[in-house]
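This document opens with one chain alone, in structure tokens, the form predicted alone.
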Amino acid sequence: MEFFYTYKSIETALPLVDVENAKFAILGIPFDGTTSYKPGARFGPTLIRQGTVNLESYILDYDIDLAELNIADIGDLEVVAGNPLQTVKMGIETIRELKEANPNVIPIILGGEHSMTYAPVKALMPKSYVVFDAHLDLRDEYESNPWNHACVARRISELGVEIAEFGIRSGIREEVEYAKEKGITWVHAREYSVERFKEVVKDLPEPVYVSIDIDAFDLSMVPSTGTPEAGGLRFWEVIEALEWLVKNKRIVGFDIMEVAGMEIGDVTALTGAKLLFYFIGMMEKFGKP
């Protein structure tokens, strides 16, 4: 099946199936038009896919071989350079097309800057949004743009979706005040633990959309990202939290955003690729229908 706003790009190192037969479908959104520090997230989807060639398809932890699963890759979204709102609109339409073609498929978005997460959330309309991020992203606007990457959680909150944020270590006073006013729970990276994660998310309504801004991890692991921050999370403590979430909540979509870089084998992209494989594996092993 062809989609109106997508084009073929490098594929993951996995045997792929048609969308109609897929349980998971990957879509890249190679946009970084509002990046405010380090550019390059437009290359994230390609770099993550290429990074999968370095990985074994068999996940030791789950006794799951991804090569045996029904996974589709619908390519990358055509973007409008410098225009996040128009690109988001095209993303919404594409994800709705995807769900019309296969209502049971789980979309997995590879980015691309975090502003693009609005597209799958708007298309899927989950009850809750769980995000790992270094930044609150609750600004009403940044650099005179309400669709800047620093505003994505604010725009999602305006949809009436409940929000919980983890790994936070950057924000401004107005964002903290907005979070308090709207009942948005956020957990500082210094206070993060898997147990704290469980406490926050256990009462969130289903279904849930999960977003990983790669800068949630410590910058020693992910130097190639738009706004890297010291003092971040470790890989396994995020994986353990995601496993609990997948076991206990119905997940309708997932993304890995803000992977940037300029060369094959970039450490940030390899972290994103590993995260992609683990998410698919845990969804197959533990996911709620």
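Residues carry their position along the shown sequence, with the first being 1. All values reported here derive from a predicted model rather than from experimental measurement.
The form predicted together with a further copy of the same chain is left out here; the points below concern that form.
Q: Choose from 124-132, 195-203, 214-222, 97-105 the stretch whose residues reach within 4.5 Å of a further copy of the same chain in the model of the complex, heavy atoms counted.
A: Among the candidates, contact is made by 214-222.
Q: So a further copy of the same chain isn't shown here. In the model of the complex, which residue out of Ala72, Val210, Ile163, Leu136 has a non-hydrogen atom within 4.5 Å of it?
A: By the 4.5 Å heavy-atom cutoff, the listed residue in contact is Leu136.
Q: Taking a further copy of the same chain as it sits in the model of the complex, is Leu14 in contact with it (heavy atom to heavy atom, 4.5 Å or less)?
A: Yes.
Q: Looking in the model of the complex, any heavy atom of Tyr178 within 4.5 Å of a further copy of the same chain?
A: No, Tyr178 is distant from the partner.
Q: Should Arg154 be counted as a contact of a further copy of the same chain in the model of the complex, where contact means heavy atoms within 4.5 Å?
A: Taking the distances in the model of the complex, the answer for Arg154 is no, it never comes within 4.5 Å of a further copy of the same chain.
Q: Taking any heavy atom pair closer than or equal to 4.5 Å as contact, tell me whether Pro228 reaches a further copy of the same chain in the model of the complex.
A: Yes, Pro228 sits close enough to a further copy of the same chain in the model of the complex that at least one of its heavy atoms falls within 4.5 Å.
Q: Sequence order please: the residues of 235-250 with a heavy atom within 4.5 Å of a further copy of the same chain in the model of the complex.
A: Heavy-atom contacts to a further copy of the same chain in the model of the complex: Phe235, Trp236, Ile239, Glu240, Glu243.
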